[in-house]
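Before any questions on binding or motion, here is one chain by itself as C-alpha cells, the form predicted on its own.
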Amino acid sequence: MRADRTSAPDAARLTVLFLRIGALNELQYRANFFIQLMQSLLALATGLVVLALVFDRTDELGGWSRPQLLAVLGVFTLMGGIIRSVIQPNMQRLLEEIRLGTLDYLLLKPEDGQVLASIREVRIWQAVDILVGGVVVAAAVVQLEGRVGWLEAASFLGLLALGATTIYCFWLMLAAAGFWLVRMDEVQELFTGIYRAGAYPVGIYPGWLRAVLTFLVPLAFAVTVPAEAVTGRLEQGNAALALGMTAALVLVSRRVFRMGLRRYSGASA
C-alpha cells in the first residue's frame, strides 16, 4: 500500500475539518473541561512547589534564575498540552490500527496516509495545558522585567513550532516501529516518564543524559531551546541546530513511515 501526497492547502483544510469534528465530540462532555483544569492546576502547583524548594537553598540552578526556570516550566506545560491534545492521541490510534490490521480503512482514502493519521484525533480539553503554560510563560516574562523584546518573542514562537514538530516526528517513528515490532504497548508510559525530564533545562543533567535528551529524545529542542529564546539566553548556534534537527527528523520520519507501509499487511491482505 502507498500514501498519496496531499497539498498544503488540502492538509490545512483537513486539519480544520478534523479539529471541528473533535471539538464537537468533546463539547458533549463539558465536565471534562473542569476535570482537566483541576489536573493542570495541580500539576502546575506541584512544579511551583519544587521550584520554591530549590530556590529556598540557592539563587540559581545551572545558571538559570528563578524567573528563567519558571519559563521552562511554562514551556514544558504548554508543550505537554500540544502533545496530549493532538500528537499523542493520533500516534496511539495509528499504533493500535497497525497492531489490529485495520489501517486499511485510512490508506484507501484519497489523501496522504501520514497526514490523515496525524490529524484525526483532537482532544480539546487537553489543550487547557496550552493555556496554563502560556500564562506561566507570560508571568515569567513579567518577572524578567522587560528583558524580552519582540525579537525574542518571535524566536520563541518559531522555536516552539519547531519543537512541536520534532516531538511529532519522534512519535511518528515510535508508532511506525509497530510495522516491525509487535509489543509497543508501553510506548505512552515510556514517553511520559522521559518527558518529565523536560521540566528542567537539559544543561543541568550529566553529559550522557544531556546527549540523550537532545539527539535521541529531542526534549532540548521541544522545551529548553524555546525557553532560552523567551528568556534571552538563546545562542544562534542552538537555533540553527534546532532548525537542522527538525528538518532531518521530518525527512527521516517520513521515510520510516513509508518504509513501514510497504511491509504492512492488514485485514484486506
Partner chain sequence: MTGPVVPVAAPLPEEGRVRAMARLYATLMRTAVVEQFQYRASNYFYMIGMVAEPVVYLVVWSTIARSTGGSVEGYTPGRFAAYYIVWTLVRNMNIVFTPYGWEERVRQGQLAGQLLQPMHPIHHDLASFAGWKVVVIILWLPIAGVLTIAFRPELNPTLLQGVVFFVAIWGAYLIRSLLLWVLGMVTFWTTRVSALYEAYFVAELLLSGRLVPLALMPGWAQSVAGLLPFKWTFGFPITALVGPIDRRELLVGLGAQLLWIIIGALLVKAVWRIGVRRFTAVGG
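Residue numbers count along the first chain shown, from 1. As the structure is a prediction and not an experimental result, all values here were calculated from the model.
What follows is about the form predicted together with the partner chain, which we do not show.
> Mind telling me which stretch in 82 to 90, 195 to 203, 135 to 143, 163 to 171 gets its heavy atoms within 4.5 Å of the partner chain in the model of the complex?
Careful reading of the contacts points to 195 to 203.
> Might T58 be said to contact the partner chain in the model of the complex, defining contact as any heavy atom within 4.5 Å?
Although the partner chain is absent here, T58 would touch it in the model of the complex, with heavy atoms inside 4.5 Å.
> L53 near the partner chain in the model of the complex, any heavy atom under 4.5 Å?
L53 belongs to the contact set for the partner chain.
> Answer with yes or no whether I35 is in contact with the partner chain in the model of the complex, where contact means some heavy atom within 4.5 Å.
Yes - in the model of the complex, heavy atoms of I35 and the partner chain come within 4.5 Å of each other.
> With a 4.5 Å heavy atom cut-off, would you call G62 a contact of the partner chain in the model of the complex?
Close contact exists here: in the model of the complex, G62 approaches the partner chain to within 4.5 Å, heavy atoms only.
> Do all of T46, R183 and L209 end up near the partner chain in the model of the complex, with near meaning a heavy atom within 4.5 Å?
Affirmative, all three are within 4.5 Å.
> Sort through I124, L107, V115, V187 and report the residue having a heavy atom within 4.5 Å of the partner chain in the model of the complex.
Comparing distances to the partner chain in the model of the complex, the residue within 4.5 Å is V187.
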